[in-house]
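Before any questions on binding or motion, here is one chain by itself as structure tokens, the form predicted alone.
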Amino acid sequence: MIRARAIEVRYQRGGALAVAGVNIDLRPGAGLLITGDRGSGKSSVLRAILGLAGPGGDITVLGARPGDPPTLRRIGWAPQAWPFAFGLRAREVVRMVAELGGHGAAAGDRAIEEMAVEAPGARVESLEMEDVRRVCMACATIGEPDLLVLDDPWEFPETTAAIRSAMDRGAAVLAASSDPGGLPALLGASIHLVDGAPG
């Protein structure tokens, strides 16, 4: 699912490396957790895998280069914080992701229910962080993607169930968290980053 050698991320031309020397081998049905303090490079690694951070190194994701449009349709992505355009309602966001992925609005509604989003009719800027995390997970799990990439997934029972279900059907799960709780045991393997490098 993912084969990466010497991942490097540099956000400014000539600037310091945010990530250097990270290697990943992630097979179907397997999980990997990236841990580390805030600012250690966890999110940067995930962005490199998705082609969002201009990665250096040798990276293959689902047989393609990071950011390949057809490949991105096979990836479920749950970013951190408020990744949504303000003014939209939670249900609208999830339905939009479902429609863009070719799964239909009903798939979005199912994902909202499965992730127990408490306020699907609320505008995203008014959501509590708990519901933001649930909406992100709902977006990520639509259509049973081959790879889940989860940035700071909170350990709700629904999140744990979604991760287990994905791995049971042969999907791979790559996650990052500075407060991993039970995720290392659930995912089975981990990498700890210190200042952008394995440590």
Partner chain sequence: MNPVLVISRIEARGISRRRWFLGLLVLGAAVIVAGAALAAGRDGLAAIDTMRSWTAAVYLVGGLLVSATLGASAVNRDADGGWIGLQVTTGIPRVPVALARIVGRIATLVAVFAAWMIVAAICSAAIGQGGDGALFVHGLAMLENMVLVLVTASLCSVALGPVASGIVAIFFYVSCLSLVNLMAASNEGVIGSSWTGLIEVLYLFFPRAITSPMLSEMQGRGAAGIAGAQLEINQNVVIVPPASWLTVIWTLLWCAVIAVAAALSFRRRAIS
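All of these numbers come straight from a predicted model, not from anything done at the bench. Positions refer to the first chain, counted from 1.
The protein also exists as the form predicted together with the partner chain; that form is not presented, and the subsequent description refers to it.
- In plain terms, the part of the chain that comes close to the partner chain in the predicted bound form, with a heavy atom within 4.5 Å, is 65-73 out of 153-161, 28-36, 65-73, 168-176.
- Three-residue candidate spot R133, H192 and V194; no residue lies within 4.5 angstroms of the partner chain in the predicted bound form by any non-hydrogen atom.
- When contacts are judged by a 4.5 Å heavy atom cut-off, L100 counts as touching the partner chain in the predicted bound form.
- Although the partner is absent here, E114 lies well away from the partner chain in the predicted bound form, with no heavy atom inside 4.5 Å.
- Taking the partner from the other structure, the partner chain in the predicted bound form has a heavy atom within 4.5 Å of a heavy atom of L52.
- The partner chain is not drawn, but in the predicted bound form it has a heavy atom within 4.5 Å of R89.
- In the predicted bound form, R123 is the single residue of 102-130 with at least one heavy atom within 4.5 Å of the partner chain.
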